[in-house]
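The data below hold one chain only, encoded as structure tokens and taken in the form predicted alone.
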């Protein structure tokens, strides 16, 4: 185990009767790291999160969060973690202000009205929970999770249902928490969010980790092709018979010729040579490496077919 590992998962296994939800996975999350946990529905993400949060008992392996065993030390665990779930167990009639005061009293800290203000809930402090929109409920859940400055923060689909401005604010808060040393475990279906926010990610499929590393590590592997989009003045690349090295396939979109290359060096060089040879003029050239979403779909599609 790494000395600075705050979350430690070793050979973790979770079953429900004959169904294996998580099949002996291991990973660690370092202090001040945002770690993304990705996977399709049923991959084992929620079972892993809930076991780390002390809500479910593992059927095998060991779990530690900030040196705490979630199963045997639940009271201690509550004060070192903050949890934002997809659904909340708050009473429908509780007000935003009451919820904040209740959670802060439980953790022995002053009410964090500053978090309500920052997350756009200051005008909803007297509103009952059932009167909040889906986005407002998720913002309240995040505020409650952060209220006691937890050492470890669990976020389950944190930006689902949020508007663009609140999403940006949430990401800014996540970065601030990371810089302050908070360890964040992020479960999300939003590949762009994971690629932007997570330092490392693990992809779960059928209860097993099928890929783990930085987003760059994961997108650099596999059969992902790089997209090269080119627009020229005279559209000389659209002429019949133009052949470029390392191109798997190509297409046309509006004024652009689009190539999918397995090796962009020779492809781009040949494009430039062709344009110069035809005395054409390059207007725009864009190179887009495979995204995390592309790689995720490749991994999960292959995994599902096996």
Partner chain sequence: MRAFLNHFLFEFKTGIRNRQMLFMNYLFPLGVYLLLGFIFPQINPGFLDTLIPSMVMFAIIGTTLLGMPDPIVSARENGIYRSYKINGIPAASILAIPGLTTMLHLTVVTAIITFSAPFLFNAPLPVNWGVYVLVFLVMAFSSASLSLLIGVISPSTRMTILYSQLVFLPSMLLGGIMMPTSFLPETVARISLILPPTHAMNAFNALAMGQEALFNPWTGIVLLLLGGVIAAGLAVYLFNWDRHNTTQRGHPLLALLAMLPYVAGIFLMG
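It should be emphasised that the depicted structure is a prediction, and the values quoted were computed from it without experimental measurement. Numbering follows the first chain given and starts at 1.
If you look for the form predicted together with the partner chain, you will not find it shown, but the lines that follow are about it.
Using a 4.5 angstroms threshold between heavy atoms, residue 168 stays clear of the partner chain in the predicted bound form. Although the partner is absent here, residue 172 sits far enough away that none of its heavy atoms falls within 4.5 Å of the partner chain in the predicted bound form.
By the criterion of a heavy atom within 4.5 Å, residue 56 is counted among the residues contacting the partner chain in the predicted bound form. For the chain shown alone, residue 28 is not a contact residue for the partner chain in the predicted bound form, no non-hydrogen atom being within 4.5 angstroms. Put simply, of 229, 113, 128, 226 only one has a heavy atom within 4.5 Å of the partner chain in the predicted bound form, and it is 128. For the options 122, 133, 93, 72, the residue carrying a heavy atom within 4.5 angstroms of the partner chain in the predicted bound form is 93.
You can rule out all but one of 273 to 281, 249 to 257, 61 to 69, 45 to 53: in the predicted bound form, only 45 to 53 has residues with a heavy atom within 4.5 Å of the partner chain.
Every residue in the set 78, 98 and 104 has a non-hydrogen atom no more than 4.5 Å from the partner chain in the predicted bound form.
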